[in-house]
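Just the one chain here, laid out as structure tokens, in the form predicted alone.
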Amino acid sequence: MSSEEETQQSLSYKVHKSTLKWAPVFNMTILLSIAIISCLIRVFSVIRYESIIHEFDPWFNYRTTQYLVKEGPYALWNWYDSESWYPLGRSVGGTVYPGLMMTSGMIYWVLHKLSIPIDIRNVCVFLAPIFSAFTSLAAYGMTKEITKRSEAGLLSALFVAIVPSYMSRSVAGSYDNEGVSIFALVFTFYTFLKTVNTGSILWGVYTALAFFYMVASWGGYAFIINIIPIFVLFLLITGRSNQRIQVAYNVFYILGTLLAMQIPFVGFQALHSSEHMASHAVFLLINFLNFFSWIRNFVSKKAIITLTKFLVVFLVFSILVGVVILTLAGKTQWSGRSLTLLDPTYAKKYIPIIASVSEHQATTWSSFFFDLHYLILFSPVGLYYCYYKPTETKIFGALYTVLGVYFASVMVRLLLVLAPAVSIMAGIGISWAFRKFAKSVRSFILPKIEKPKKYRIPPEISIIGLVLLGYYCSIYVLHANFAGSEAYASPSIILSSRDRQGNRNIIDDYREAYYWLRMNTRADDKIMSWWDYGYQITGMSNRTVLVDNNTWNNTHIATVGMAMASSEEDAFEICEKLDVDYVLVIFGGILNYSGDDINKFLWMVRIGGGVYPHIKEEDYYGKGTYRVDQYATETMTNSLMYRLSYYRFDEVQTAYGQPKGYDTVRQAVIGVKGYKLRHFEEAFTSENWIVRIFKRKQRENRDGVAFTSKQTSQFTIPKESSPVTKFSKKANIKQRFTLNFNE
């Protein structure tokens, strides 16, 4: 080797040594940069539109947070919301996961104590992007606990920070429970793995506290309370259990269960609900084995065999008897969503209200690829790495990924739970591949530092591999940027379109209609709409609704579905009994907006027919298909939904070369034109006809209108809590009174 080559080798060696010296600083700088990127990529919605709450559920969370900061936490526990689920109302304190609201409230109070004036709306809008940065930090820690390598942690943190599936629920304005609960999920797993590696009781306490925050934030905590027992059971079966595992699980189970019971919405469900049974069983099993291991030191081998048989039979018998008693007493049962995860066809067969929700549908391959992109190609490499030389933490990461894939396949919403696992596995896999390729190149360039091995990859192939990995990672980053800036940046309450020149047009029909309701209706008016829009109406219009997105009362929702599916005469009677003043429908026939109520109408029919058998889905099919044209059935064209949506539609030209009354969504000319409404009158139609509001007319003659069908005449309003509207059986004269609970 020449002196010049030796000089280059020496210089390369010094650079390599200097790089290793500054590695911790580089790690922290890169990690901080990733956290900043995770925030910035989520604020496109504010830049392109404005600082506003998105979607549907976030509007209830925002309204509850407003109440919290105004009235205080104790008032929230006792808040009875009379503006929702009329006439039943809703006890908010006992039916909500308060973690999201409490987090925003704490930030708001701390900032005001520091004399930083900020509106609670801006706290809510930017909360999810801030917590996404925390999630990337937690993913870094979790990956490092699995692999003990910081470069794998950095890649995992980057992938979690920009994975589109997570961004869909954490962009600025997406004030939903998942915005903070995904952080709680990953942080709980990080602290649990830290406990497994160290056997520290203190870290076990941190795990329980993180789990408590998860329980307070989202019902998805059931995933944690099941995957950790499955992991511990797997280690027991494979003979890998040790004292550290037992300490980690026992501390997590005992403290976590006690803390979970402090959330009013959970309470004693933490003891008797089916979702928690696995955690109880594993706790009993692991401590039974500990007891057996201790007692075998004091008795003979023959007595041990006899005692083992007795204890196993007793334990199994006790568990079975306990489960049977709780089931027969109605204390434990699987929820509809849980049964849907175990049997994907369950909701469609028995609970149409769950099946009607788009996020509860099975995940398509296109959704998998759009929300996870190239991570689904790299994550199997990470799984191989975990199974190649398994440890407790690697087994946990692999189990998390495998179970996450199953649940995400059943329900598209659970891609959120899978996204951190796939990101971590992809980070581990790419890091491992990079390391293999880099070692090969380094051994070729710096043989003094890296001694070549026989099985090492040839440097030419390694360079090609590094280039390809870099290319695919850059494509993933570009896709994530598109998802954050375009696909998930648009709030559903504000729509947009582009003209032929590429200019963006804002469609603000929703807020236009909700503002009209707020300014032109009485404070005590009742609004009937499909449940999708309940939270937005109460949040923006401050008006009382019959049903909303909580969907806790299937019968009440079915009643609204029956009203929409009934004839105008029958719907009038139902609306009068329910004290409805206005009916709101969403219609997209002019602007080609496919998410309107006509497209959702069959779900209203199915849900209504599940409670009221006279509503039959086949009555709404013309020539065997669902249609709105001249072949639509009489039942369909007479339904309240059809008549309100297409009222005066025959006066509008919607498409060039098509006659008036052409529905751009259904691509058909409506079958009934020129009809008049008898019992409802048009009160408001938004600029693009997306939101239409109709006022119920007063009865001209109290005895002049009767139910058209006998089945509808048997309809009765649900029993109320407070306040109550009572109806006489002989006459439809309303008598209002308020229950006095102090007497």
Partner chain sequence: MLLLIFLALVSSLRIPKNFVISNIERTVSLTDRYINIQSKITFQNDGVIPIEKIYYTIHNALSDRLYHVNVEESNAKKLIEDVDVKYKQNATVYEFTLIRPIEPSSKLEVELSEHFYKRFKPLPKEIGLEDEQLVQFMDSVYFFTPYLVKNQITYYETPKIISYSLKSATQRNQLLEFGPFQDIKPFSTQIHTIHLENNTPMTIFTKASKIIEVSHWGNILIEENYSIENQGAKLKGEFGRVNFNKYNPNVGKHSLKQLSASLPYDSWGVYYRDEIGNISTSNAAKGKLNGETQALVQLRPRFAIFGGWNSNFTLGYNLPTKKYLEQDGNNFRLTLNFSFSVKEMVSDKYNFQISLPEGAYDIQVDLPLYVERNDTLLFSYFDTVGRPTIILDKATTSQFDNKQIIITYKFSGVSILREPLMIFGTFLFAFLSIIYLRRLDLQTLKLKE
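Just so it is clear, the structure is predicted and the values come from calculations on it, not from any experiment. Numbering follows the first chain given and starts at 1.
Just so it is clear, the following notes concern the form predicted in complex with its partner chain, a form of the same protein that is not shown.
task = Identify which of R627, R648, R244, H272 has a heavy atom within 4.5 Å of its partner chain in the predicted complex; exactly one of them does.
result = Spelling it out, the residue with a heavy atom inside the cut-off is R648.
Is there a non-hydrogen atom of F680 within 4.5 angstroms of a non-hydrogen atom of its partner chain in the predicted complex? Result yes; F680 sits at the interface with its partner chain in the predicted complex.
Does I118 make contact with its partner chain in the predicted complex, using a 4.5 Å heavy atom cut-off? Yes, I118 lies within 4.5 Å of its partner chain in the predicted complex.
inquiry  = Does any part of R511 reach within 4.5 Å of its partner chain in the predicted complex? Heavy atoms only, please.
reply    = So R511 counts as contacting its partner chain.
Under a 4.5 Å heavy atom criterion, is W689 part of the interface with its partner chain in the predicted complex? Yes, contact at 4.5 Å.
**Study point:** Options 640-648, 142-150, 263-271, 69-77; stretch whose heavy atom lies within 4.5 Å of its partner chain in the predicted complex
**Key:** Single hit among the candidates: 640-648.
Notebook entry, point to check: In sequence order, which positions of 504-521 have a non-hydrogen atom within 4.5 Å of its partner chain in the predicted complex?
Noted result: Result: I506, D508, R511, E512, Y515, W516, R518, M519, N520.
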